[in-house]
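One chain is shown next in structure tokens, namely the form predicted alone.
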């Protein structure tokens, strides 16, 4: 199945490819790969994701295509430290620059400031970006099914694993869930935001989570505004929630994460969600 050709997602991916081409001209893949022996060891987040209750991935997110600028984040490392202090299981860092105002420098800063896993969240379409992620401190890398054809998806999942990165494979439709499962994903995120229209529908996770086989980590993305949403997604089968907008626009990111973590640890949820 081919990736979509006309959508907000397609425009973002086109920009990501243009920026990637500039980086590749400045530093060819062979030279980038030569740096891999010096890369730090990665941290596997899956044991934490599979533990009782619901884990929280807290996101460093300055802007979004749907809302523009969300927050002034002068030092992403400070924000990440507050997230970790609040009990986050991992930190997601937007590194796309055109629409999200992120950068690889943000990823580096966050990695140096926390001891928990870090996700590179970007529009990854080539192995070059995975090598970048590994060298700049990522433990996980986002792969969006809608942005890739089947061969690309399988190849990037395999390449991520060869680099000791955990691929977080994101889907939005039943067909994309099927493609993610068929490609061998063992961590699947269901994005409640349609990247073609930017509309958020929290029922998306509720509809699609049952299609993900047991043993695969289920992550609910977008639409988490507070503790109640964490509990609702947990009841629908979420092992993890990924939260960005609600945290960066809130007054106290540490307390915001702590509230979500507390909801995920509710006694009613204290059993393996996805053994």
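Everything quoted here is computed from the prediction, not taken from an experiment. Positions refer to the first chain, counted from 1.
Omitted here: the form predicted together with a small molecule. The next part is about that form.
Stretch-level contact check against the small molecule in the model of the complex with heavy atoms at 4.5 Å: of 238-246, 209-217, 37-45, 24-32, the positive one is 238-246. By the 4.5 Å heavy atom rule, the three marked residues 12, 65 and 195 all count as contacting the small molecule in the model of the complex.
Proximity of residue 94 to the small molecule in the model of the complex: non-hydrogen atoms within 4.5 Å are present.
By the criterion of a heavy atom within 4.5 Å, residue 223 is counted among the residues contacting the small molecule in the model of the complex. Residue contact with the small molecule in the model of the complex: residue 59 places a heavy atom within 4.5 Å of it. For the chain shown alone, residue 123 is a contact residue for the small molecule in the model of the complex, at least one non-hydrogen atom being within 4.5 angstroms.
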